[in-house]
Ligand code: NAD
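One chain comes next, on its own, written as C-alpha cells: the form predicted alone.
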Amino acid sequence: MIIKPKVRGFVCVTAHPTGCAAHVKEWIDYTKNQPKIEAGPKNVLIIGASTGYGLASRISAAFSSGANTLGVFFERASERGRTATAGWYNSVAFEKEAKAAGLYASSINGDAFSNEVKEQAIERIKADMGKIDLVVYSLASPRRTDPATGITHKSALKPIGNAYTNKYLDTDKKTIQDATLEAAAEEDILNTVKVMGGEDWELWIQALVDADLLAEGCKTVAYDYIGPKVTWPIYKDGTIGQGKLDLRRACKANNERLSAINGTSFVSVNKAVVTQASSAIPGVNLYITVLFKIMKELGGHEGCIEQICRLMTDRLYNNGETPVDEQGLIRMDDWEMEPKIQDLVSEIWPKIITDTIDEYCDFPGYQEDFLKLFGFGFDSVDYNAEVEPEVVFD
C-alpha cells in the first residue's frame, strides 16, 4: 500500500515503516559520531522503549556503550490494512540495526504496568542477559491498571484550584486559539498520580531486587519535565505536576532499595521536545515552537537523541559523581532554562497571534519533527512507492 500521513488533531493515525527505519538509523548515526561512554552500562532494561526519550535511551546505550538491551513497550502491529504504530516500526528497525552490529536486543510488547510483563522481563533477563546495570523508566500512558487492585486509573490533564485559559497552536489550521480547562477534582489528581507517578517504577525496581537481577552499582533513571512559567498552571502546578512530584518521591525510595548494592536512582528533568504527549498539552506545543526558534538562532537546540547522548556521557557516566541540583534532580533542561532564553520567551509570548506565527514561531520545524515521529518527511524515502505495512520482529 501507499502510506501517507493522516493527522487528526495532535496525533497521526498512520506510520510509515521505511520512514520509521530511516528515523531510527538517523539517531543511530548521530550516536555513533558521539564520544563512546567509558565504563558505560552493558545490560540495560528500558521500560517504555519504543518512542521519544525511551527509544533514544535504548539507541544511546547500545551504540555509545555497546550495551545489550531489553525494551518493554505496548504497541500495535499492522492489521487488516492498517499500519502498525510508529513505536512498533521503530522497535523492529532498532532490533535489526542492533543485531547487525553484533549487539543483543530483545523486546517485550505488553502492558508494562502488569505483573505478567514484569515476570516475563525477569525470565528474559535471567535467560539471556545476566544482571542489569541500568534501568531506564520512560513510560508515557494515559491509563494504568493497578496490578494490586485491578482498578484502571485514567490520568487527567487539568489545572488545580481554578479553571485555566491559555492560548495554543492549532497545528491543523495554523492559528492561535484559546483553550479553557476546568479545575481538577480530587479524584482527577489521585488518578493522575496513579498513572504518571512513581509507583510502577518502584514496583519494577523491587521486582528486579527480589530476583537478584541488579548489578553492583546499578543506576536507574526516570524522566521528568518542569518547563517555563507560561505552562506551569497546566503542567508543573497541575495534575501532571502532582504525578511528577510522586516520581521524585519514588526516586528517593528506590535509592533506599538500591543502597545494598551501592546503586543510585535519578530523575532527569529533560528539555521540551516534540512528542506525541507534548503535542496534546494546551500551550506546550506553542511554547515549543517559540523555544525552537530561539534556541536554533542562539545555539544549544537539542532533540531527543542529542539530549539523551549528553545525559549518558556528561551526567550518568562521566567518570565522576552525577551532578544534580538542590532537589537532587539531573537538570538536562539547563540550556532551555537559561535566563536569556526564558526572558525572550516571556517577551515574545504576549505578541503571538495568528498573524505573527511565522515571525515568532518555528512552525516548520515543529511540523517536521512531528511528522518524523511517524516516519514521514525523510528525503531518503519514496512516499509514493508501495510498501508492505506488516513488519515483524526476527
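Quick note: we count residues from 1 along the sequence shown, nothing fancier. Note that the coordinates shown come from a computational prediction; the quantities given were computed from them, not determined experimentally.
Another form exists, predicted in complex with the ligand; not displayed. Remarks below refer to it.
Put simply, of H153, K219, K271, K158 only one has a heavy atom within 4.5 Å of the ligand in the model of the complex, and it is K271. Note on contacts: among E202, D224, D188, E95, the single residue with a heavy atom within 4.5 Å of the ligand in the model of the complex is D224.
Using a 4.5 angstroms limit between non-hydrogen atoms, A140 touches the ligand in the model of the complex.
Contact check for V209: every heavy atom lies farther than 4.5 Å from the ligand in the model of the complex.
For the chain shown alone, S65 is not a contact residue for the ligand in the model of the complex, no non-hydrogen atom being within 4.5 angstroms. Contact check for D133: no non-hydrogen atom falls within 4.5 Å of the ligand in the model of the complex. Heavy atoms of every residue among G52, M196 and S278 are located within 4.5 Å of the ligand in the model of the complex. Stretch-level contact check against the ligand in the model of the complex with heavy atoms at 4.5 Å: of 317-325, 257-265, 169-177, 105-113, the positive one is 105-113.
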